[in-house]
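Below, in structure tokens: the form predicted alone, a single chain.
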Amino acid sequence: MKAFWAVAASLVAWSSVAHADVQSSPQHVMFEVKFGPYVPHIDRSVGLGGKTPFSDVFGDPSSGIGSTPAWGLLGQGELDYQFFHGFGVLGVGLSAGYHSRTAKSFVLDPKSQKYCQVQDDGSGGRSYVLPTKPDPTKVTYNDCISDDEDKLNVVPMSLLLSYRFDVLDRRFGIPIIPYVKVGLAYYAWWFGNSSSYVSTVNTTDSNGQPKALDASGGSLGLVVHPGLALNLSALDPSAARAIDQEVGLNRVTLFVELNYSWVNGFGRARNLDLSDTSLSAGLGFEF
């Protein structure tokens, strides 16, 4: 019996040492990369007064006037500093991404300096009007476009506060991590074309004098990102511990995230509405 207890004590001591040897390294940094669809609500901008230039240029020519254009890809990266580990994880971070889309440019009449216009044909469809051909029944979409292209560029940036409920994963071995992020956003944007990286817009100043402005700007707003992450490191704990000891990578997660962005300059007339609600998916790496 004494021999049994001696062996048991030795096993307990070895287990304690082994457990200490495989303790996770300190965790303070998280990097994420994610991709998802994005369709900015530009046509809802207050300053447009009900006009729909985004749909007119980037929408499907066969769809109705003001219809929502197809989605484009938005890629984003995020870097967080995790400053609190307790009943979950608190962190602050910066996020940035890029979205672009192109479409054929509308024809500009050199005499009137006006572009082809899109109008409602009376039955919910589109009709096109050229300054030189005011009769919409004689103008098609192909008459309205040129060989040049217009390009919309959007760079969303956010300052975020995040909370990750990783208690189920850390304490009970259930590799599910719900989380939420909230933050202040600034979305930079600019329009370009085939001849220039940033287009110019001809307008007039307060005195009625002509002037040219760059087609660029930015909009402030708020973002909320609730999400659900799966701890991939739990699929092979031995390999995960080895990687952690070698390079300090604590956890790799696969996540799905709701992107709710309210980014319209808080309703100011001079700001584009770049808001959207969509889902994205990506990978997270915690060090």
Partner chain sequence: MTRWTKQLLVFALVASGPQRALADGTTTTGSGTCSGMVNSKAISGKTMLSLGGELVTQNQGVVFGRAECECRSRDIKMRVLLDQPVAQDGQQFSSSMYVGQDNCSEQTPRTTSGALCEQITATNPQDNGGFSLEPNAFRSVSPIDIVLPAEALTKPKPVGSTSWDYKCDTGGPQNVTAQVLLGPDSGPATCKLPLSVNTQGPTAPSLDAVGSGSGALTARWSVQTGTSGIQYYQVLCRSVKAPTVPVMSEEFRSSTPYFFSACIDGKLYRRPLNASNTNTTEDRPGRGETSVAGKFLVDPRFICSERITATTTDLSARISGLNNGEDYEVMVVSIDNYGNASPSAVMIGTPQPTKGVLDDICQQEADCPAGFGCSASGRLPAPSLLLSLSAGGLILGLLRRRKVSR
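In this text, the rigid core denotes the largest set of C-alpha atoms whose superposition between the two forms falls within 1.5 Å. Numbering follows the first chain given and starts at 1. Model, not experiment: these values are computed from the prediction.
Keep in mind that the form predicted in complex with its partner chain is missing from the display, and what follows is about it.
- Contact check for Leu90, Val224 and Ala240: none of the three has a heavy atom within 4.5 Å of its partner chain in the predicted complex.
- Taking non-hydrogen atoms only, Val33 never approaches its partner chain to within 4.5 angstroms in the predicted complex.
- At a distance threshold of 4.5 angstroms between non-hydrogen atoms, Phe191 is in contact with its partner chain in the predicted complex.
- Contact between Leu74 and its partner chain in the predicted complex is not found at the 4.5 Å heavy atom cutoff.
- Taking the partner from elsewhere, Lys133 is found to have every heavy atom lying beyond 4.5 Å of its partner chain in the predicted complex.
- For the options Ile65, Leu220, Val39, Val256, the one in contact with its partner chain in the predicted complex, meaning a heavy atom within 4.5 Å, is Leu220.
- In the predicted complex, Arg268, Arg270, Asn271, Leu272, Phe287 are the residues of 251 to 287 with at least one heavy atom within 4.5 Å of its partner chain, listed from first to last.
- In the core-superposed comparison between the shown form and the other one, Val129 has its Cα shifted by at least 2 Å.
- Compared with the form shown here, the C-alpha atoms of Ser195 and Pro110 sit at least 3 Å farther apart in the predicted complex.
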